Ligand code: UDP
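Here you get one chain, nothing else, as structure tokens; it is the form predicted alone.
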């Protein structure tokens, strides 16, 4: 099978490319390198079953050879996006999803949309099941990402209903691991890089807000299982172990052997107080359950950033 992975040079996309190749697929990787990095795919330069195309999904994309699967992971996806790339994020979720769905429709291919837990906003239901409609401010500073993904989900289901497109939606919760950008702006790389460089860890607010963290290998396994299933979704994918930001900061200081202090910073506007997935559906229908424990995953991620910082 030939599959197309949009966002192939990104953190998640590059790991998904590796998984597809390991399963014997031919892969066309597409990325405009807006937030992705060619270094994430450098190990595939001599891989005959992989082709990379630099392209912006806000423009139509065509593949003449038969395509059996389309993965859409192309979107800026960090807090920096809210201020620096708001329009690009909206267009990726809108025009980009439209064009990638069109490709899947033309080929009769299975389509997977990588959505996000951000569609739940600052949730009033906890943990969050797929049946929860969310609590999102449609004009707030975070809305450029939240609403882009909500729109993308609606469009995927519209294609299912009108055109019979075999689309499925994955709602991804916080994921971490090698190939994250050091300047990503998300809490895991922030804490790890600051700790390794001997800088104070910037804790936003009082640090009592919670998240759940899933290691990238587990998340990609969930995506692949979902792609191979008959489900339409949406399906939550994440590790359902909730922890505060203060707890995370202390774990990372322990794993890096650092004694740097914590510095409290103002809480970003509309930052969710709690976030944790209900993954009952994924467990029941996909037989999926995250396997990598938090400290094991953090050790692997710390080693990645340690080496990356040495190469600078």
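This one's a predicted model, so the numbers in the text were calculated from it and none came from an experiment. Numbering follows the first chain given and starts at 1.
Keep in mind that the form predicted together with the named molecule is missing from the display, and what follows is about it.
K.L.:
State yes or no: in the predicted complex, is some non-hydrogen atom of residue 105 no more than 4.5 angstroms from a non-hydrogen atom of the named molecule?
P.N.:
Residue 105 lies outside the contact set for the named molecule.
K.L.:
Does residue 28 reach the named molecule in the predicted complex, with heavy atoms at most 4.5 Å apart?
P.N.:
So residue 28 does not count as contacting the named molecule.
K.L.:
Taking heavy atoms only, is residue 60 within 4.5 angstroms of the named molecule in the predicted complex?
P.N.:
Because no heavy atom of residue 60 falls inside 4.5 Å of the named molecule in the predicted complex, the answer is no.
K.L.:
Within a 4.5 Å heavy atom cut-off, is residue 94 in contact with the named molecule in the predicted complex?
P.N.:
Looking in the predicted complex, residue contacts with the named molecule do not include residue 94, since no heavy atom lies within 4.5 Å.
K.L.:
Decide if the three candidate residues 186, 204 and 211 all line the named molecule in the predicted complex, where lining means a heavy atom within 4.5 Å.
P.N.:
Every listed residue reaches the named molecule in the predicted complex, so yes.
K.L.:
Within 4.5 Å, heavy atoms only, one stretch in 270-278, 250-258, 62-70, 43-51 touches the named molecule in the predicted complex. Which?
P.N.:
Looking at the other structure, the answer is 270-278.
K.L.:
Please identify the residue among 98, 110, 142, 150 with any heavy atom within 4.5 Å of the named molecule in the predicted complex.
P.N.:
When the named molecule is considered in the predicted complex, the option within 4.5 Å is 142.
K.L.:
Looking at 240, 178, 86, 79 here, can you tell me which has any non-hydrogen atom within 4.5 angstroms of the named molecule in the predicted complex?
P.N.:
Selected residue: 79.
K.L.:
Hey, which residues along 187-201 are within 4.5 angstroms of the named molecule in the predicted complex, non-hydrogen atoms only?
P.N.:
Counting only heavy atoms within 4.5 Å of the named molecule in the predicted complex, the contacting residues of 187-201 are 187, 190, 191.
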